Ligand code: UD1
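Just one chain is shown here, as structure tokens, and it is the form predicted alone.
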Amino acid sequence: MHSVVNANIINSEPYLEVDGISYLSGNIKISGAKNSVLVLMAASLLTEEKLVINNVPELTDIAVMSNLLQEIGVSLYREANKLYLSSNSIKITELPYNLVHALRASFVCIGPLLARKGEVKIPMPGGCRIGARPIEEHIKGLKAMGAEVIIKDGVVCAQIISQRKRLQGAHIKLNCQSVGATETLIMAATLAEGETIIENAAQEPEIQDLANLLISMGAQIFGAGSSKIKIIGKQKLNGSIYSAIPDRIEAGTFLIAAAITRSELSLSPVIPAHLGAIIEKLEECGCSIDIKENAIKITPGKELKSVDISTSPFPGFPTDLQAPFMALMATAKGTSTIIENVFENRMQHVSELKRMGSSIHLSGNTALIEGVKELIPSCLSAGDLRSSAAIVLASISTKGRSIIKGLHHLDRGYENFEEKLNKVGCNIVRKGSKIYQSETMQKGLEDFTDLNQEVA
């Protein structure tokens, strides 16, 4: 049996001990979609009334967004998987550098803050170092709606210059299908005067989820989920109680976990239409997929074959599943090609998978993977959120114990990741505390006492 690594290399940083050769069996509960919830939280800035979001995962990214909103005066309280928000007393419209820099998704706050308050200052965003992910599309769209936008000393300063202090409806054609820009402009347009058309809009399920929340708040939005979205602006929006969609990336990751361990596994709740691209590739490589309403069961064949993937915006193969799928292909029979088309620096997992004995030849954003009989355990370090999941999946397929560091990446986007895997047969032990800090979201209960009966 393979074994791993000298314990002397482990310092005080939290890490996982992963014992491989796990055969999985059972059902995994899928959490709410992180990428959706973050933007639903930003939407609370559009109304003075209270917003309740259900199905909120416990993640560091959610905590960072919570801290950011609290910094500008939003009252916020968390109870289990419910998040209560009230933006009726926003104190400032300048977002703090340290929090925006830690969470790129927070940049979408520029749209609702500008639309409601008439001005906003927000630092250039940070987040995972997986590519440039420019903000030009956000700025171009806001300018088309009548905003004056300048960038000075790394801070984006936007204000409405019309005397009426409202954004104006506009016809906007995005140069690329940017999810963030589409979300920013939809939110801004809900409070604009007149009609806004967004062409070449992103079609991701998270866009549809945002639109559904906004519609429940009184917005008029048509065509979300297609490449052309129409928004008719309103004077104001109402509060709402809303449940976020299940996380399609988490579901896809656990489907790949079943495949890489050649195990039968069930997942729920899911929205199968959100998983079309990953289901297609798993079936192509030799997995049987059974779908019943909001549940999915995967039964891999004993020997999986290599298949090619090329990432693209929804409904194409998601970039967020590229790293986990590469780990699977490292164990499949034959040679596969994986092309990353969305982000230019999203191959950070390749070096870690090669450390485990995989045969991967990388040229730019194209990887040629020759499947090997088995991967070997190693001491590994995650470079970004999705690569962290990929090396955990690779580790559970080995014969022996691996050590995985860089858990601050994993805790950003997967709720109770190792606990969920352990419940279906893995043996993963976390050494050290989770990065997530729940105390950041337990303030402001007194502002929501009137909702207790309504949301019970």
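Quantities reported herein were computed from a predicted structural model and do not represent experimental measurements. Position 1 is the first residue in the sequence shown; the rest follow in order.
From this point on, the text means the form predicted in complex with this ligand, which you will not see here.
Asks: Is there a heavy atom of S306 lying 4.5 Å or less from a heavy atom of this ligand in the predicted complex?
Replies: Flag for S306 set to no.
Asks: Is there a non-hydrogen atom of C176 within 4.5 angstroms of a non-hydrogen atom of this ligand in the predicted complex?
Replies: Close contact exists here: in the predicted complex, C176 approaches this ligand to within 4.5 Å, heavy atoms only.
Asks: Verify the contact flag for H349: yes if a non-hydrogen atom of it lies within 4.5 Å of a non-hydrogen atom of this ligand in the predicted complex, no if not.
Replies: Although this ligand is absent here, H349 would stay clear of it in the predicted complex, with no heavy atoms inside 4.5 Å.
Asks: So, N35 and this ligand: in the predicted complex, are they within 4.5 Å at any heavy atom pair?
Replies: N35: contacts this ligand in the predicted complex.
Asks: This ligand isn't shown here, but in the predicted complex, which of 360-368, 260-268, 224-232, 336-344 has heavy atoms within 4.5 Å of it?
Replies: After filtering at 4.5 Å, what remains is 336-344.
Asks: Exactly one of E293, E136, E199, D290 has a non-hydrogen atom within 4.5 Å of this ligand in the predicted complex; which residue is it?
Replies: The residue from E293, E136, E199, D290 that makes the contact is E136.
Asks: Just to confirm, with a 4.5 Å cut-off on non-hydrogen atoms, which of L99, I160, A105, I298 contacts this ligand in the predicted complex?
Replies: After the contact test, the surviving option is A105.
Asks: Using a 4.5 Å heavy atom cutoff, which residues in 294-320 contact this ligand in the predicted complex? It's fine if the answer is none.
Replies: If the 4.5 Å heavy-atom criterion is applied to this ligand in the predicted complex, 294-320 yields T319, D320.
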